[in-house]
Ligand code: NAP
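Consider the single chain below, provided in structure tokens and representing the form predicted alone.
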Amino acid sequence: MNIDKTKPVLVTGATGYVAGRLVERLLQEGLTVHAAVRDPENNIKTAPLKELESKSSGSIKFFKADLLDKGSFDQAAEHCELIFHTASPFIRNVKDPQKDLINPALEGTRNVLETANRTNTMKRVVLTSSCAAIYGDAVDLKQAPNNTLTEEIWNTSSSLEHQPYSYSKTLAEKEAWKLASEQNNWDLVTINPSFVIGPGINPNGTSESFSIFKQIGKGDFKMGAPEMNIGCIDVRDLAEAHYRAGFTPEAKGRYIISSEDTGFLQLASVIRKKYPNYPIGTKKVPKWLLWLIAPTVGMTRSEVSKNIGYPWHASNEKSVRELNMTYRPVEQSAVEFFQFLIDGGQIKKR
């Protein structure tokens, strides 16, 4: 499936954390980017993208679109052969999971893919999914072959009541594959990243990644950090993975995009070593204590029971083999992300 680079490329949620670096990559290649955003007049959010355009050989055109507004992506998709659907909320503590997570993820995916169906030039859709669509809790890895997450595995443990963010990503990706199977004009490739870190294009981002690193910098974990193991991926490598998934003709299926297996304790230790003047704790919070105080730190006791102290491992072999991906070390990404937030005023200088 060859994509014509003289045609415009649609990016949904273009002012987002991951999308910003993807738009940068596309502009560097001289492409025309159709940036779908909720409010094209919001200069605070669009200014970083306009600045990227001024430094590149590509061009960007903004379109007003909303995940829950049916047909609102149609104009942005005109003449496009490729859509990168990155728009989906990444927030954990919400009052109404159905309204704040499930509906935007599921209905938004339907909306964008129905636009793809109506666009007769469309050849490929690259969907930003998540490792959250592969597993719900770290304890789930005990059931995985060789205790390792691969693209063949699906999250079966999340629900509206337990890990609703992961549930939203699972529902949205399954819906995407269903809609893709019902037509023959375009193909679908999904990108399934682990926890995204690294410098974006806008220090005022609202991703959960920003929130966690700001908590580290403010000293929220100065008495210790939970033994919660995860994978990490640099946002710049993730943008590159999207780009290659879009323009590699042979790309197909799902791709786990993850640099290394790590955890919040390791991340805190890496940052503390480089920034000793910040109140960063590197001791492990006992699981029993975290279980007791879980509601006060934004976790449920079920999440503590099923995620703290368990190993985490995912295979990125398919992305290396088929997309020729290489990955930055997590230590570099963590330090550069922390400095990015300091430089942007999100973490107080010391």
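Residue numbers run from 1 along the displayed sequence. Everything numeric in this text was worked out from a predicted model, so none of it was measured.
Keep in mind that the form predicted together with the named molecule is missing from the display, and what follows is about it.
Three-residue candidate spot T15, F195 and T206; every residue lies within 4.5 angstroms of the named molecule in the model of the complex by at least one non-hydrogen atom. Considering the named molecule in the model of the complex, the lone stretch of 265-273, 126-134, 219-227, 178-186 in range is 126-134 [heavy atom distance within 4.5 Å]. In the model of the complex, V33 stays away from the named molecule, with no heavy atom inside 4.5 Å. Although the partner is absent here, L67 is a contact residue: one of its heavy atoms lies within 4.5 angstroms of the named molecule in the model of the complex. In the model of the complex, no heavy atom of I83 sits within 4.5 Å of the named molecule. Interface residue remark: S88 is counted as part of the site for the named molecule in the model of the complex, having a heavy atom within 4.5 Å. The single contact residue among K306, K284, R38, H313, judged by any heavy atom lying within 4.5 Å of the named molecule in the model of the complex, is R38. Residues Y165, K169 are the ones in 159-192 with at least one heavy atom within 4.5 Å of the named molecule in the model of the complex, listed in sequence order.
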